[in-house]
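Listed next as structure tokens is one chain, alone, in the form predicted on its own.
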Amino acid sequence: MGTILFHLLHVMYIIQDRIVGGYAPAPNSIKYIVSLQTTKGQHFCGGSLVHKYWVLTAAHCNIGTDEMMIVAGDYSLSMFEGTEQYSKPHRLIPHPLYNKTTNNADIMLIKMRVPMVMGSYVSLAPLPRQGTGVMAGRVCRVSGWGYTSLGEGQIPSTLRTVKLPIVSSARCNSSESFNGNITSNMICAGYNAGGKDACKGDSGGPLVCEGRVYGVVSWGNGCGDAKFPGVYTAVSKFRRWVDRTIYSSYTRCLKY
């Protein structure tokens, strides 16, 4: 069974690591990040606010509209800070080409029932233009919460972030690494020595390069392994789909 599927099936039972080798950013400095939670308040994935009604995340974070709550403006998941905003999903739209076996096109848009209000704690994530790339070696930043198991009780879980360089597809696809499993819709990021990475609870969260969300945390082989950088969905390959999905729904679905 794939690790992604495994961690979703066991979302309520196992301890998940957070961002590996990172640090806590200043509170509410990453204003576009959201926490996807179960209706019981358990964090399981991250996401980015790309419109007041829409969140960008990974398709493998799809647990169904009835099971999910979206929280914006949060920093410490274990405390109510008064900056949070909540919305239930109205529709989940995974990319039609998403393949759970290969993890290709692991990207999803969530239309929320209630719009998030922009302000001091919440803002939109800028996205790259269709087809733009990020050079290998460029340093980007990935952020997320990860989560703890219910059995261990809630420990304070503040947002974490880590800076990572982009790894070329050639290196990521080499026989020493992912051996051809990286498609043109994926990008890799990590250090030669390992030790810094996103981990399972960070799925769906943003990899930000030059102020734009170029990647969505997707999959990997372990966390922080020197041979295996983290793998992200390349948002620039799907920018047109994102815009089409968001804006065509306004003309087509006025009844919403």
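So that there is no doubt, residue numbering starts at 1 and follows the sequence shown. Treat the numbers as computed from the prediction; the structure is a model and nothing was measured.
If you look for the form predicted together with arginine (ARG), you will not find it shown, but the lines that follow are about it.
Enquirer: Can Val50 be called a contact residue for arginine (ARG) in the predicted bound form at 4.5 Å between heavy atoms?
Expert: It does not: once arginine (ARG) is placed as it appears in the predicted bound form, Val50 has no heavy atom within 4.5 Å of it.
Enquirer: Contact between Gly190 and arginine (ARG) in the predicted bound form at 4.5 Å, heavy atoms?
Expert: No - in the predicted bound form, heavy atoms of Gly190 and arginine (ARG) never come within 4.5 Å of each other.
Enquirer: Check Trp54 for me: does it contact arginine (ARG) in the predicted bound form (non-hydrogen atoms, 4.5 angstroms)?
Expert: Flag for Trp54 set to no.
Enquirer: Does any heavy atom of Cys223 come within 4.5 Å of a heavy atom of arginine (ARG) in the predicted bound form?
Expert: It does: once arginine (ARG) is placed as it appears in the predicted bound form, Cys223 has a heavy atom within 4.5 Å of it.
Enquirer: Where, among 190-198, 22-30, 63-71, 206-214, do residues come within 4.5 Å of arginine (ARG) in the predicted bound form by heavy atom distance?
Expert: Heavy-atom contact with the partner occurs in 190-198.
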